[in-house]
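Laid out below as structure tokens are two forms of one and the same protein chain, each shown alone and named structure 1 and structure 2.
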Structure 1
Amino acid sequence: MDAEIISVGNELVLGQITNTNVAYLAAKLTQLDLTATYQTTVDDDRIRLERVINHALTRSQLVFVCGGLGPTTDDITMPTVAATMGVSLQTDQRHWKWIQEKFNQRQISMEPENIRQAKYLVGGEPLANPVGLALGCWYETGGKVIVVLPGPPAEFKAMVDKSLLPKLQDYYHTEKQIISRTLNFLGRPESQLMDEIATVTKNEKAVVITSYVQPTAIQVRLTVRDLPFEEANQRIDRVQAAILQVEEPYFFGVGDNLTLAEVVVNLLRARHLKLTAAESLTGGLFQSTVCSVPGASNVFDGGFVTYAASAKEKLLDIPAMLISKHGVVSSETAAAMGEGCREKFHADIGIGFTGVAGPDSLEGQPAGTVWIGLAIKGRPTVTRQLHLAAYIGRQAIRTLSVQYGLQMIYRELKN
């Protein structure tokens, strides 16, 4: 069923703030098998808002109007929705009394305008605001539903979770839930990955496959609608197995918010292994990424940022000869960095990053040339060269280098 989310506010139209509410509500609707097919933003203008609401009612069965429920006369949403529906507003006396009490308790003098925040549409139903003053409203008209919600994200989310979702579940009897699973990949261009996936899954039509490029992963989402829970999961299992038969080397786990750093930290933790690093072009970003995972202290004691060649020599005891012979950006230097930091920390795993973040080239090598050296206790040291595209820029080159370093560790440990 098509839903439409209308966001109201000058600050949105002027680009002063990013609208986080709409993704929050859309994700909740998706879980209920309702889809926010249309999302519209408009400024605090009665005439334009009325037009936008009327247009929404021509194409959507469920319309949300979000924002503009403050106490000032700029806040036009509730009266505009009422006018568009051809009804007037009424005051929720119990809520109005509660607002007055709140102000008394906080010893703040109240403005008479605050009564606006206790009003809702005649014939509608007030929606409670667990963390703010303004009421929301649920209003049914000719088989369609209009819902009014507040703008501040904390109030918005609280009203959605506590007041709106139970009401929606009740009203739409949404039992046919959507089942979905997200697979995370790194190291394969999106178009190639999706082409190969399309080939191996072409017989399973019930599973819809979509991809989304994140800065540090390609996410592939498998979705099944309108099937019983168990059958849906079996079909997703089958598709996942078919995909991994081909794409296993690039796969690092299941989950919407999964990061490779989290996967690696948890794997090291399970195996009681300690990790350290020596970073040149990444300048501390690898270690910072590892430390972004709660519990990183179990697998990471510390490491080095060796940006200058002199630091590589001094901190890691890499012979100056080795660097001058092979170059800073070389397999040999990367290997020596990985081995050097591992020895200094008596760690199980040492990883070294050296390369050209750009914008300028270095030693005749273009920006995007990166060498990673991985030294694991009891195994031969391995190195890998990356040829990242210079045009993605300095930050993306550093971020991707870190991710490919994590992937090297992950693959080595899985073998």
Structure 2
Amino acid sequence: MDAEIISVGNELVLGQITNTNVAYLAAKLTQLDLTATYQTTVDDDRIRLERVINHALTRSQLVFVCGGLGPTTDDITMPTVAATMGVSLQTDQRHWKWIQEKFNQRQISMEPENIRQAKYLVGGEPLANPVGLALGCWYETGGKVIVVLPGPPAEFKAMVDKSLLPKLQDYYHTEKQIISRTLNFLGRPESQLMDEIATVTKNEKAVVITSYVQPTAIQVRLTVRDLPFEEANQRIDRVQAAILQVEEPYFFGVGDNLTLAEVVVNLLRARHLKLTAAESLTGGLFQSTVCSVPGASNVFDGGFVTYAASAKEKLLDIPAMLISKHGVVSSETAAAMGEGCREKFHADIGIGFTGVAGPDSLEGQPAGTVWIGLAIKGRPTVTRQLHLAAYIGRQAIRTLSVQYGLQMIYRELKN
């Protein structure tokens, strides 16, 4: 059966944002053995959108129209889908009342146009939006299904996972079963990782192995089709074990949405340990990343951003002579930062980041040179130097520095 994903928005057509929604939905459909054979992008024009929807219905049995469900006049998706289907829109009164309550709680004045977010096609079924205001819609016509979904990624993913996927599973009964598992790695080039994985899994033909490069990890997905659940998982277990025999130092967990920060915070919570940090080139990004994990307050009380050498001296009591002798970008300074912040907060673990985010060099060190110092109570302080590629850019260098810092903590706690 063919499915088609239609993405709506001027910003998509103009290349102003990256369309992550289509990849997310396509992957979810593949797990249900529903293939998004066609994927189309169209701007916020009623005539063109109507033309695209009509064309999609001539070749696909399942059509998704994504984006353009806001309250403004340029959010044309729901009324255009209704016009294309020859039906009108109706208001979900219960949802409209809920929207009004939310505006009152936030003490924000509401415009009359906000009622547009409570409307859906007559004869259709509203799809709940777990993290936003606009309803989606499921509509059946002539043996085909058209689904309307929001555009903001957080709302889109939540609606797909919570409202759409259960509906698709119930509606489309396929005999094929797809079992998959996602392994997360950091610190290995993708080509080297996959070459090594191919070598140790060459006899496991039933398991399909694919890789996906993310900003903070490489995900390796193991997939088995058309086997009983227990046998499929046994095969995946066997492949995972073979992979981890050679790649275990770079592995940090299983899951599509797993983050290393989440793994580290949960590990610290389980061991009742406190973490603090002193950051130079990362400028607070490490602490922000830790605090993005629910429950971080159990393991993190505060930390330091010591961008200038003078701040390192005043806030962390690092001797000026140490910095003068070894430089800001050095193992010694990174170690002193980790030790200094740990002592100031009486924490179990202190981590320090210093280096060159770029684009210019510093102290003769090229962009991408990073030192991380990790001080754990009762253990010798350890440091690590990173040689990140300058061409990836300033922000990517900072982001990867944070991830490698988290990896250092994870490895030390696992030892």
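Rigid core (definition): largest C-alpha set, two forms, superposition within 1.5 Å. When a residue number appears, read it as a position in the sequence of structure 1, where counting begins at 1. Predicted model only: the values in this text are computed from it and were never measured.
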Matching structure (the form predicted in complex with a further copy of the same chain), either 1 or 2: 1
Is_shifted residue 407 between structures 1 and 2 (CA, 2 Å cut-off, rigid core): no
Is_shifted residue 340 between structures 1 and 2 (CA, 2 Å cut-off, rigid core): no
Core-aligned CA displacement of residue 161 at least 2 Å between structures 1 and 2: yes
Core-referenced Cα shift (Å), residue 61, between structures 1 and 2: 6.6
Rigid-core-fitted C-alpha displacement of residue 40 between structures 1 and 2 (angstrom): 2.9
